[in-house]
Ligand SMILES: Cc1cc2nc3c(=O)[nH]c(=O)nc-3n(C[C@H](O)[C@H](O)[C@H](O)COP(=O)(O)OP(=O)(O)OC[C@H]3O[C@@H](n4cnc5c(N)ncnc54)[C@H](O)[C@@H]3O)c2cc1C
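Here you get one chain, nothing else, as structure tokens; it is the form predicted alone.
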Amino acid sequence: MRCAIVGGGLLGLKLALHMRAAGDDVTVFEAAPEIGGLAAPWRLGDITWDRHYHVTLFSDRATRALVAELGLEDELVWSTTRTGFYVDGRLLSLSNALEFALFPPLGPLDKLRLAATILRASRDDPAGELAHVPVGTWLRKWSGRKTYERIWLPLLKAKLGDAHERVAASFIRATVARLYAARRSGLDRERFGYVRGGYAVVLGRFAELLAGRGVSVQTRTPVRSVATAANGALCVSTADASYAFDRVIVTAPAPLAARLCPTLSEPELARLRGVEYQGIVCASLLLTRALSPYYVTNICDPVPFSAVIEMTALVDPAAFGGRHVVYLPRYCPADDPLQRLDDAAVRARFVDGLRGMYPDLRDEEILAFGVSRVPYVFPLPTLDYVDRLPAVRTSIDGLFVVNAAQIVDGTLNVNETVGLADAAVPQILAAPVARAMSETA
């Protein structure tokens, strides 16, 4: 069988590995100059590191299995980290039970209700009831109005924007459950990890593995359309040619998948187009010093970015020549004006916000500043979303759509992405294929 994978992110690469193991002749088409998608590295000043922030949790079994398959298990470095909150113009630590008990913005009863909320959210939801309850309604019920408005609402707006009013409570359950997975396995607390060298090393080894197994990876090759030819074959069209395949797996975000596959049925196209996404504008900074001791600083005050992620609270600064890497993500939809703002304007806005939090930050301490924009990052689990999921198998034999829109009981991260690929392959192998042509169309 000839199989095409449209999209060379980690999802597409893991699917390519599976399909090659099943005996298919696999070609991966990637529009970007490099593989990796959201996990791709880039240059920040004179260092190479991840374009967006990533962390592996000790409980991320799918990611750890992939790292082991790539022969990089010994390169995983584990640590524990601290968490900060920026609230009422103050930077506060919230990293252990004592700090939670002393957390100034909330009273004793508020803290008890917040603890109960987190405990309740960490439990399974086998009946899927939370997918049909607004997240705000659920959080107000368990935490109370004061804690909801003081803590939860700013965090929801930072991650979900105006869409927080339409998102289901399953979003909070999935977020908390991932962080509490280690406790379920008997560990006292979750451990955070990374591969030495970042995803540049992971993707380099991935490319070597695929090449060694005969998978063709074509970068700088955007796909224009996927359609059925008159003789029944599936044709993948690029700017330069059209290729025939028995199977085609499209991993693009749902709205882009609809654009690439216009011959799908109207109900299928409607489902794909109906998935709402949050995008991201993510700034990366290379600094001469740390801003705080926290890996994540959650923000409850008005600031132009959603959080502060200090990678060097996890990664030894020696990996960056003694410098420090900080991410300032701002989640926003594809049509947000921030997505069209130039780098200089983003820098001015974000650095001004950063100085509001850390007044002693000086210009000369910022060695490099980069901006990444992605219009479609994670699908929003809006109310009753599980009833409108796009299917992996389409009405066209041999054509499949596999993307983050099908992550139901989880949040978007590398572990869920790799697990999605693992789960989709049995469906793909069990389905009929297209009638392949014997030569290139």
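Residue numbers run from 1 along the displayed sequence. Since the structure is predicted, the reported quantities are computational estimates derived from the model, not experimental observations.
Below, we refer to the form predicted together with the named molecule, which is not included among the displayed structures.
A252 belongs to the set of residues with a heavy atom inside 4.5 Å of the named molecule in the predicted bound form. Contact annotation for S122: none of its heavy atoms lies within 4.5 Å of the named molecule in the predicted bound form.
By the criterion of a heavy atom within 4.5 Å, F29 is counted among the residues contacting the named molecule in the predicted bound form. Within this chain, L17 is remote from the site of the named molecule in the predicted bound form, having no heavy atom within 4.5 Å. No residue in the set F85, L139 and T147 has a non-hydrogen atom no more than 4.5 Å from the named molecule in the predicted bound form. L412 is the sole member of L380, L70, L383, L412 with a non-hydrogen atom within 4.5 Å of the named molecule in the predicted bound form. Proximity to the named molecule in the predicted bound form, defined as a heavy atom within 4.5 Å, singles out one entry of A283, V167, V223, I172, which is V223. Along 1-28, these residues reach a heavy atom to within 4.5 Å of the named molecule in the predicted bound form: V6, G7, G8, G9, L10, L11, G12.
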